[in-house]
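Each of two forms of one protein chain follows alone as structure tokens, named structure 1 and structure 2.
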Structure 1
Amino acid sequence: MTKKLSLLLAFVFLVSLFTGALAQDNKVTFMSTQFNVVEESDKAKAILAEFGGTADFVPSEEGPMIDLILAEASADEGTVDLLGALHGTFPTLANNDTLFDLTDLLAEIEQSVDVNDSFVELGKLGTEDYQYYIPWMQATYTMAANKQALEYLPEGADINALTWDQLAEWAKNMQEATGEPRLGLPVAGLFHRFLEGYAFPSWTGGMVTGFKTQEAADMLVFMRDQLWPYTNPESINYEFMSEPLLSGEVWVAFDHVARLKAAFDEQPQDFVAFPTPAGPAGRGYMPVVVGLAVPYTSPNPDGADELIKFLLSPETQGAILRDLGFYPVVSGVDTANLPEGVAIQSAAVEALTTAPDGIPALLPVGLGDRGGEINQIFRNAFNRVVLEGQDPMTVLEEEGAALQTLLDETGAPCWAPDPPSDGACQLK
């Protein structure tokens, strides 16, 4: 009996080894934290079908991906060949020394296409000569407006070069004319990015160093007295701004391009997209970078390299823009013949990222796996001052102390737009 059982087990083991070896042949397993919604992953798979080899697209959440790669690294045996993830996912993997240096591959790719330099720099995670990831695609946050809102635009305001004061006046005009607050912010969604990448940089010129300055306090006072009173109070429940835009509850909104996309896809004739406003220090905005990395444990690193080349080709980048709404990181992408909604958003992103007064505010670089805690600090500052009416300077001092502790404990040097620092970044 036991002999039979062990024979059976041995057989199962052999079969699984055999099929495993077969499956490994030339297959590239591509695990991605992006496009993990079914419709999106179907489109991603359709794009990958153009790849010469066999690419197996495996959507994943961020946490499970990190756990899997760390586990594979300690087991010295892997299943995943290529990782696609947001910039913020990579520090943990890099700190554990699990990723190949892709410098040579990037040089090879750059012989045919030009990859955005500042994103290439981001992919080095603060080092000088170790390319942890190669940028894959980008996104950012823009404004969107229903065309009905345009008639209330303040006199002399250029929608493509709006200031925060004009936005506030616009919101006020709309409320006075229609009786309802028509500006919406995604407070239940990615609102912390609004504070980190748009509000603070537009007043202080930086993200963290100016956190407890007078300029930051001025910004919060502006939000409290001029913007929030004319913002739809249901904003506290908005997660994806495309929904209240489509329902007509909100006419002007700020959000991630992907979270506005549904509005432009469904009713491109009703909406316009435009850059975010500028403040006293400039037009703060946050580029979101998605990168590609190859783990040391990859069973098929050559296939992964080929897939990276494929994903960075202008054709694939164009297909991703057309079907999935993420923007290219390489030059030479054909942007003619885009679907109407994508073209509208694409023009706004272009206008924003090339604005002369633009301040690109990057996601935190050196905070490692504690990158999320900074969100709490920025949100606290906003809630306490704007929603609860606490004194701005006191709040900024208190939350600033928490921010400084976080920076000191992680030893994170300042990242753009703050000037570089030796050692941990220091608040002014």
Structure 2
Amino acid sequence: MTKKLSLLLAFVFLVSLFTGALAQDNKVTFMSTQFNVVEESDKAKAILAEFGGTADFVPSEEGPMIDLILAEASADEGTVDLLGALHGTFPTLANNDTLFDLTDLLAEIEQSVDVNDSFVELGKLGTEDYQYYIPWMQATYTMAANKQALEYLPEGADINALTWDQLAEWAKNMQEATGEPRLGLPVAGLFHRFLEGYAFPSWTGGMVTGFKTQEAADMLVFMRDQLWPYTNPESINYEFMSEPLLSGEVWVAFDHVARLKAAFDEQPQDFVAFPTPAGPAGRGYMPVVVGLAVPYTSPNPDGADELIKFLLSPETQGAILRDLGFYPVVSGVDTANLPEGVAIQSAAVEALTTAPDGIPALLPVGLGDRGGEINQIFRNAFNRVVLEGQDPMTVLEEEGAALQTLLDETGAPCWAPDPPSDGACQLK
């Protein structure tokens, strides 16, 4: 018996050396598609250091995470205890029956804090009583401006209720006054979210169904003729807009709140944050909901539950807001003493998410590890029309055919703001 035990312990030790993820004692292996940039990972690890157990933070891209969890489910042996991912990641894992029901854990957590009801409902993935994930945090994208830009706002414009036409006029005013294009867009960064959640919904009212409509063509023509001419050409190289804002190269920018955070942290006195503009259909915006789930193959599911409780505590939620720029999903978070820059951004997020003309557009859902393809299709449409000058309707028809093929092959039903569908979502 002693010999067998020794062999077993040796096997576990060797496997853990290769995977770095098997549970030992109270260790919890936490794989996350969020905070996979080195600076963000370091901050996330610092927050996790306060956890009572040992949390091993493993950043990952979405595709490799999905592939790993599905492979471990097939092998009936896992290395990952807890998953942190965007809402759209979970349907593929749920459809393959890889996730625990967290209903009881959520009920336990809600004995001490209230968790955002709408996000909790999203975590059920269309079911009535199965909690596939518990919401972890939320974010969105906003605009930011150097205060020097404010004197060039169009006459009568309300910075908290801008239209796209006013943004274009503002960009033109700045260029004519300074001789430099002062508007910046993160084309090398999360620009596909700008298109999916802001541009297309603001003109078409949806993300997918109206992709090849005249309204979508009108939007691309607007971008080509009225906005891009006054956009800094270095935008094709911008990944994080905080850097060109801080350098003064750009005065007005769009980006994810976490990617604007450095500018507001370093020079809060120099910048203002405000909601994204509205178009003919309304004010498109993308609420980014991040959830926590426990795979069936978790070596330490009890430890994963404890880590979820820690991550949803008001203290941890406040630390995530302060240090990483993602917003709480629970009640009781103390925001009275936020750093000035965080408070400025928080007010802009509140104004955006409560705007009466808002059109919330969820991240793409149901595409599994092919999520990158839809992003490229939206980028292709922009690049071909705005940067290369191709005919908008021709481009939208061709890229729309690729989009429809993707939806048909994955079977992905429509998601908000497009109306629900029976079966794969269909373009108009």
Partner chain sequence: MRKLHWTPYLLLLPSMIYLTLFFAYPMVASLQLAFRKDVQYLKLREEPESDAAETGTLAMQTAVAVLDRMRLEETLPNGRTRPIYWFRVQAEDTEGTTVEGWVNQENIFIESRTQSDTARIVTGEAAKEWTFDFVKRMVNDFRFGKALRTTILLIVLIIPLQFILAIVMGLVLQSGIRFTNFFLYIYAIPLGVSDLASGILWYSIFTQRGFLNSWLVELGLRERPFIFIQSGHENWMILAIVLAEVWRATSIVMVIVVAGLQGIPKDYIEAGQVFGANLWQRIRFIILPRLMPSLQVALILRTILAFQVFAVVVAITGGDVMTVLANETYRWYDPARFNNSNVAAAYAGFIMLLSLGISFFYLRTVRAQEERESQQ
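Residue 1 is the first residue of structure 1, and the numbers go on in sequence order from there. C-alpha atoms forming the largest set that superposes within 1.5 Å between two forms make up the rigid core. Worth saying up front: this structure is predicted, and the values here are computed from it rather than measured.
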Block containing the form predicted together with the partner chain is structure 1
Is residue 125 on the same rigid part as residue 189, between structure 1 and structure 2? Assign each C-alpha by whichever superposition fits it better. no
Angle of the smaller rigid domain relative to the larger one between structure 1 and structure 2, in °, please. 17
Rigid core superposed, I'd like the Cα shift of residue 44 between structure 1 and structure 2 in Å. 3.9
What does the CA of residue 75 shift by between structure 1 and structure 2 after fitting on the core? Give it in Å to one decimal. 4.7
